[in-house]
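One chain follows as structure tokens, the form predicted alone.
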Amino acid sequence: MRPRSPRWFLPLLAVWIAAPILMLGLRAVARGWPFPGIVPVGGVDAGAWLGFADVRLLSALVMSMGLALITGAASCGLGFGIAGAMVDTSRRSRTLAMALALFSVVAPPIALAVGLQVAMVALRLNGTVTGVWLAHLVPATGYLTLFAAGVFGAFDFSLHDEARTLGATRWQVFTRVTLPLLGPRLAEGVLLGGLVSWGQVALTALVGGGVVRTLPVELLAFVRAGDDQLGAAAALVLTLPPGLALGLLHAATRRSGAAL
């Protein structure tokens, strides 16, 4: 008999997760919230949202979206390519590749950022969008390699053998068998890689050198400057893509009959 969680567990978990988002929403529209008050004061003031009409904030938002898009696509290609290459390699090589991918994921972001900053300075890419993009690729590719390894672990490679037996070339097997079967997983991979890039702060701040301004970097600047209201509004905008991604994943699992 499968053990059941207590009835209070799910409501408590929902409150635990939703509370920070609710607090951000309140702070983004509250006129004031002096410390150590439990509730905001001064009524509603939506002026913080007008800050997104500022050219600097719009530019940061566009920069974040662009980096997320190209990082998601590139890391998905690299991650699936690496995981696919691991299928036909020795166990020792697979273990090494998985360890490197895992290290890029679990390494402290600030330590990873310092190392990548040194590398980008040597390549003369520090303070450039290209340098920040390459830095974002490191953790994103790590995530996607681990993700793709799981996908290939459940992949039925006998379909390749059947297609080859019927006279298909390697290219035809790739384009007519592999890609259609992996299509949904590739879309999820692009989304995952984009989300990894979307939330990067340390990598962008150090490698970007204050020149490349993304929404997380601007959010950090607002908080440091004491503009909590605009910072809360920017933080809420940062939560939208993960929320949208969760909604899309839930819809996809419902269509496929899986449980989420």
Partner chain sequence: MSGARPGLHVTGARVAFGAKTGLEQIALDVAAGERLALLGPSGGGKTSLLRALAGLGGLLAGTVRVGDTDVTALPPEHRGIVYMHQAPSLFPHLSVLDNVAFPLEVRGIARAAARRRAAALLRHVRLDDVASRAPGSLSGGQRHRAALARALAAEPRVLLLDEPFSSLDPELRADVRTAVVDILAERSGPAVVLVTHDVDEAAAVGDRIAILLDGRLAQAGAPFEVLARPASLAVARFLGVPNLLRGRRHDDGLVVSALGEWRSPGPAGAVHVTIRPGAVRARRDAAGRIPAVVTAVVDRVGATWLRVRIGDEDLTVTSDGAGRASPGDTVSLVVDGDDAHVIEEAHPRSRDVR
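Note that the structure is a prediction, hence the values are computed from the model and not measured. Numbering follows the first chain given and starts at 1.
Just so it is clear, the following notes concern the form predicted in complex with the partner chain, a form of the same protein that is not shown.
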Proximity of Asp88 to the partner chain in the predicted bound form, heavy atoms at 4.5 Å: no
Is there a heavy atom of Thr169 lying 4.5 Å or less from a heavy atom of the partner chain in the predicted bound form? yes
Is Val190 close to the partner chain in the predicted bound form, meaning a heavy atom pair under 4.5 Å apart or at it? no
Closest heavy atom of Arg124 to the partner chain in the predicted bound form, within 4.5 Å or not? no
Would you mind picking the one in Leu181, Ala99, Val106, Val118 that has a heavy atom within 4.5 Å of the partner chain in the predicted bound form? Leu181
Given the stretches 69 to 77, 125 to 133, 140 to 148, 159 to 167, which is the single one in contact with the partner chain in the predicted bound form, using a heavy atom cutoff of 4.5 Å? 159 to 167
